[in-house]
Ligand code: NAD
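Just one chain is shown here, as structure tokens, and it is the form predicted alone.
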């Protein structure tokens, strides 16, 4: 029970195939008390339904569409009233307009670029700031990234740029929050067949290539990413901050 007595907020759970939900299940199994975020009324019922599957009911299930700053600001009061201090924050939020994932990066429109960076990158900064008064000493902030931040991958495009900015944000936040004992890290997960990932053109080809090239000879599973998140949220990772940990069956080390 690595997370017994810890309260962890996860933003956002979308559906049962999402990495955020895999993390929620793994953290619940290790004794954490959870706060689950959902984007809007369309996803609210689904998330509340999933919450019934946990061994311990969440302390709160709260709305959070990060495109609306007032919803982020409201979290401080809502979560504070529900659980008081929190020991962990999981940021699992990313979005790019669909056309950006089908056409060359060169043709990314300004508005689409800004939207992608706001939702996928700035939301980590905004959430970390709003929860700073609620963080317990030695709290853990975890976000999710992907190899497209480091190398060009077909059709990942503006999302790769957003993930690169996200990883830089991890380092700067780790510096800013370090004096308070708060750790900030990222997990670079291999491709996983989620609803969101299938929006990338050629995603199934990426899965096939990953399986063939990865040293372990297979694709990563959501539960493995979730287990890494449990580790980072636990006291076992008390000396780790500002890191990007790859959980991708070794694919990132392969040159050809």
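Residue numbers count along the first chain shown, from 1. Keep in mind the model is a prediction, meaning the values are calculated, not measured.
Beyond the structure shown, there is the form predicted in complex with the named molecule, which is absent from this document and is the topic of what follows.
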- prompt: Among the candidate residues 227, 65, 208, 221, which is the single one with a non-hydrogen atom no more than 4.5 Å from the named molecule in the predicted bound form?
  reply: 65
- prompt: Quick one: is residue 145 in contact with the named molecule in the predicted bound form, heavy atoms, 4.5 Å cut-off?
  reply: yes
- request: With heavy atoms only and a cut-off of 4.5 Å, decide whether residue 190 touches the named molecule in the predicted bound form.
  value: yes
- prompt: Heavy atom to heavy atom, is residue 9 within 4.5 Å of the named molecule in the predicted bound form?
  reply: no
field: Contact label in the predicted bound form: residue 19 to the named molecule, heavy atom within 4.5 Å
entry: yes
task: Pick the stretch from 76 to 84, 132 to 140, 90 to 98, 175 to 183 whose residues have a heavy atom within 4.5 Å of the named molecule in the predicted bound form.
output: 90 to 98
